[in-house]
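Just one chain is shown here, as structure tokens, and it is the form predicted on its own.
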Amino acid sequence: MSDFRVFIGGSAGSIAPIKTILSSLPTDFNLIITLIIHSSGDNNTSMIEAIASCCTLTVIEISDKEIVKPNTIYLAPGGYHLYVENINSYSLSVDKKEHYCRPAIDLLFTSAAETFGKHCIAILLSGANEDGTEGLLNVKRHGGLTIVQSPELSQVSIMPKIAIERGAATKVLSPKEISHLLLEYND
């Protein structure tokens, strides 16, 4: 298993870029990917099916104290905040909403930054509020790589634009470029 961990956050308009990013990853892709998408929790089964239909890796919804396994994509459950508990597991919380959201991207990215430091890759996609920017800044402060979807290619460009304006993006890339970058880190 690689030392790097990938955390992808998004909101409105993020399913299409997620599918593009994941569709070219091979079955033996060894970076563990954690997805956090703003949702109420009512549609996670269909979201898992949609994501699984485009990639060869196993896609599962995270349970509290879930132990990570290689070749798996983990999806945060709707209605819960998600934290990296340690290098091998997650924890869930029903603490108050952040940016009107639960799960909140900032909380996951911040806990990932604190746990993985320079081995953290955080990616922020399309969305309609500022959630994710502070988390990206924390990843940057800990030496990790921060990537923001190009606003011009985002269905809803508010999240990417705010992240770029606040200096949270190490790289601004298209979904296809993000996929190529992840393949480079997989080697």
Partner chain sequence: MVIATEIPILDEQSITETLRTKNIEIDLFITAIKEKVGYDLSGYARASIKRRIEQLVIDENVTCIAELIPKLLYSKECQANYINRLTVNVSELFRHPNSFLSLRKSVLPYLESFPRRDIWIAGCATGEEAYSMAILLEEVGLLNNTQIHATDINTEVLKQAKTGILTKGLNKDDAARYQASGGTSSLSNYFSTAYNKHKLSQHLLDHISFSHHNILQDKVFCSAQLVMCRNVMIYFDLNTQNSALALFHNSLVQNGYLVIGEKESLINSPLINLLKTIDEPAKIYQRKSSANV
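The structure presented is a predicted model; accordingly, all values stated were derived computationally and were not measured. Numbering follows the first chain given and starts at 1.
In what follows, reference is made to the form predicted in complex with its partner chain, a form of this protein that is not presented.
A single residue from the set L25, V172, A16, A12 has any heavy atom within 4.5 angstroms of its partner chain in the predicted bound form; that residue is V172. Just one listed stretch, out of 154-162, 56-64, 124-132, 27-35, contacts its partner chain in the predicted bound form at the 4.5 Å heavy atom level, and that stretch is 56-64. At a distance threshold of 4.5 angstroms between non-hydrogen atoms, N88 is out of contact with its partner chain in the predicted bound form. Looking at K176, you'd find every heavy atom of it more than 4.5 angstroms from its partner chain in the predicted bound form. Contact annotation: C101 falls outside 4.5 Å of its partner chain in the predicted bound form, judged by heavy atom distances. For L137, a non-hydrogen atom is located within 4.5 Å of its partner chain in the predicted bound form, even though that partner is not displayed. Although its partner chain is not shown here, in the predicted bound form the stretch 112-150 places heavy atoms of E114, K118, L137, K140, R141, H142, G143 within 4.5 Å of it, in sequence order.
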